[in-house]
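The chain below stands alone, shown as structure tokens; this is the form predicted on its own.
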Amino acid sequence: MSLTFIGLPLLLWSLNDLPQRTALKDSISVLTIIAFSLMLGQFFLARTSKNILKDYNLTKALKIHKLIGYIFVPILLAHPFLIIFPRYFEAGIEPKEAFITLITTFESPGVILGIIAWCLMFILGVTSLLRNKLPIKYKTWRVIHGILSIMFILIATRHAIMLGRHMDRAMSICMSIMAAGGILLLLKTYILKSSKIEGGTNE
């Protein structure tokens, strides 16, 4: 699993022939690629993947699922700030001005998609942290969580493909396949097998 969702994207990144940048910028790029790839992998570490995880302990897999969320959701939420962070060490436009320009470039569809994806991820993170305090049943929360996850992945993947510096054809295809596979897996559980979910019990 880790070889697919970390090793493959990093391999494609290393094979990219883009001009070399500073170590700081490359580090931020690698961190972002890993964070987003692992978020795609979250679909395969959920209860929807019982068949895929048959050789693993499901409880352990769910703990990893939560751990990845706790670590990498904040990193992706910080993504807009990480983009302009190197500006503090460069001459030219001020970081504050660069950030304002970044989030207000509404004529760019990619930027708009990025803002929407950021908002969806924020909602995902908050509702996950406060799950036990929300006035809804666990099964209802799972459905909402699944819908938000699908919306986020669809929009975020499109955003990354449109604006990602390292999103060449190979990387775009890789991310698209990972996203599509995870979404189909989730839909198979929540839509095609909805009768089984309705017949289950709350945790």
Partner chain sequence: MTIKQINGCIGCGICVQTCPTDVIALDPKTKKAFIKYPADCQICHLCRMYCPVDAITISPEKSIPVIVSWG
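Numbering follows the first chain given and starts at 1. Quick caveat: nothing in here was measured; it's all calculated off a predicted structure.
If you look for the form predicted together with the partner chain, you will not find it shown, but the lines that follow are about it.
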Worksheet item: Within a 4.5 Å heavy atom cut-off, is residue 18 in contact with the partner chain in the model of the complex?
Response: yes
Discussion item. If we define contact as a non-hydrogen atom of the residue within 4.5 angstroms of the partner, is residue 125 a contact of the partner chain in the model of the complex?
Written reply: no
Worksheet item: With the partner left out of view, is residue 143 within 4.5 angstroms of the partner chain in the model of the complex by any non-hydrogen atom?
Response: no
Worksheet item: So, in the model of the complex, is residue 117 in contact with the partner chain at a 4.5 angstroms heavy atom limit?
Response: no
Worksheet item: Hey, of 131 to 139, 59 to 67, 161 to 169, 26 to 34, which bit sits against the partner chain in the model of the complex at 4.5 Å between non-hydrogen atoms?
Response: 161 to 169
Response to the item:
Looking in the model of the complex, the residues of 80 to 112 with a heavy atom no more than 4.5 Å from the partner chain, listed in order, are 83, 84, 87, 90, 91, 92, 93, 98, 101, 102, 105, 107, 108, 109, 111
